[in-house]
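Shown here is one chain on its own, the form predicted alone, set out as structure tokens.
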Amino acid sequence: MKCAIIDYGTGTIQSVHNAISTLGHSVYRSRSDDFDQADVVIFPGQGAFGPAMAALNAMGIRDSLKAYIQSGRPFIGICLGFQLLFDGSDESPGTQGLCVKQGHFKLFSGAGLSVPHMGWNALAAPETPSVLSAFEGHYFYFVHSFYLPVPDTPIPGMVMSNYGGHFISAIATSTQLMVQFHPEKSGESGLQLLELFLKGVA
């Protein structure tokens, strides 16, 4: 498959590129809204919410990226590329995200809780009707200081992890995979997740 990685100046782009290439797919980096040229658009990231949104605005791709995701076309969002899909974050008060999904990120806090949350954590996905259901109890690698609280009304396709309390660690549909963790840094489980998803949308 032909995969486009959105290059908006954040970290982890090379590791995502390497993981997708390892799986045998073609990959290119994009700084424009040439989404129609790709089979899958990948939105990775590691950094701060506000500067990342400013970068998308400066590149002129904010609205087209939002429209692409809302269309339900094949898409992967990773870490900061997961957070930016939502309304906002306490990291950058007053900065609006893409608002594809409803939710606001909060800073981890609590006695004895190290911030950022950095390390391996399991997925709770016992009844998820998506590719994530195959990874119940599997461990993935996280690096983040802000989390998406679990809402009173569950988001379709969501799975959770626990760090000082439950938070949403991923959301998936048949064509879109959105994860707080880094599959590209999660060893065999991460590569298996990416490969199963890409096979599903091929």
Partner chain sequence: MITKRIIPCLDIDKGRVVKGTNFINITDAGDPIALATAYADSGADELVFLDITASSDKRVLLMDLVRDIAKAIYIPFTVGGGINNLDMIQAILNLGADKVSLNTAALHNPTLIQDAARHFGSQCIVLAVDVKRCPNGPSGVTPPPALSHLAATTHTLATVYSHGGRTDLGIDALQWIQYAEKLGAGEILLTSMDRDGTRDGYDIDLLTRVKNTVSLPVIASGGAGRLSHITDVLHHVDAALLASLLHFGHLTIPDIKTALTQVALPVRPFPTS
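What you are looking at is a predicted structure, and each value in this text was computed from that prediction instead of being measured. Positions refer to the first chain, counted from 1.
One more form of this protein, predicted together with the partner chain, exists but is not displayed; see below.
S.K.: Does the partner chain get within 4.5 angstroms of any non-hydrogen atom of Ala124 in the model of the complex?
M.R.: No, Ala124 stays farther than 4.5 Å from the partner chain in the model of the complex.
S.K.: So in the model of the complex, is the partner chain close enough to His25 to count as touching (4.5 Å, heavy atoms)?
M.R.: Because no heavy atom of His25 falls inside 4.5 Å of the partner chain in the model of the complex, the answer is no.
S.K.: Can you tell me whether Thr95 touches the partner chain? I mean in the model of the complex, with a 4.5 angstroms heavy atom cut-off.
M.R.: Outside the cut-off, so no.
S.K.: Examine Tyr68 and determine whether its closest non-hydrogen atom to the partner chain in the model of the complex is within 4.5 angstroms.
M.R.: Residue-level check for Tyr68: no, no contact with the partner chain.
S.K.: Okay, which stretch from 98-106, 82-90, 69-77, 111-119 lines the partner chain in the model of the complex, with non-hydrogen atoms inside 4.5 Å?
M.R.: The contacting stretch here is 111-119.
S.K.: Could you spot which one of Phe49, Phe146, Phe35, Tyr141 gets a heavy atom to within 4.5 Å of the partner chain in the model of the complex?
M.R.: None of the others qualify; the residue that does is Tyr141.
S.K.: Even though the chain is shown alone, can you say which residues of 164-188 have a heavy atom within 4.5 Å of the partner chain in the model of the complex?
M.R.: Glu184, Lys185, Ser186, Gly187, in sequence order.
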